[in-house]
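Next comes just one chain, in structure tokens: the form predicted alone.
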Amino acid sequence: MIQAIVYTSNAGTTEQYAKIIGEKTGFPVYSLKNACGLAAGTEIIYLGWLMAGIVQGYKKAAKLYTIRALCGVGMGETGSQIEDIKKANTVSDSMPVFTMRGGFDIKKLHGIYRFMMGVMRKTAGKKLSEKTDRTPDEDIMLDMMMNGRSYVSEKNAATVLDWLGKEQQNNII
């Protein structure tokens, strides 16, 4: 039975989602760095920020806890990239994987991540801004890259919350 939510956040959007899910479910929320009070093997939901399809902190969390669901927070559309994330993180087909659009603000990034995303912003941002037939998703990506925006919302967490509600019902019956 799921007992906690554990997360790794870089710029704060993953932490915001963890807190939204915690508030809605009543589960305690811990950053991976501060989850030392949880016993090894505790069943958790893990949230991490995405970088090149890798859910940051997932491998470390998987060594410590039993992960019942994996959530990646990134710049892509909520619900997208699930198969790519399963493959990149070597996640079994039986584990539920969710993605949520977070946000992007280069000022909140640190060290190498700030440098890397600065380069990406200049190259991909320029390419997107010059594109004349952008999709609505590409418009959002461009807005995030150039203006720094957060798309964290309860609506973007709805699929995770729905799944959790069903899980809790199944554990009661």
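From 1 onward, residues are counted along the sequence shown. Here the structure is a predicted model, which is why all the values come from computation and not from measurement.
Separately, the form predicted in complex with a small molecule exists; it is not shown, and the next lines address it.
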property: Contact test in the predicted bound form: A11 vs the small molecule, heavy atoms, 4.5 Å; result: yes
property: Non-hydrogen atom contact V91 with the small molecule in the predicted bound form at 4.5 angstroms; result: no
property: is_contact(G76, the small molecule) in the predicted bound form, heavy atom dist at most 4.5 Å; result: yes
property: 4.5 angstroms heavy atom contact with the small molecule in the predicted bound form for L50; result: yes
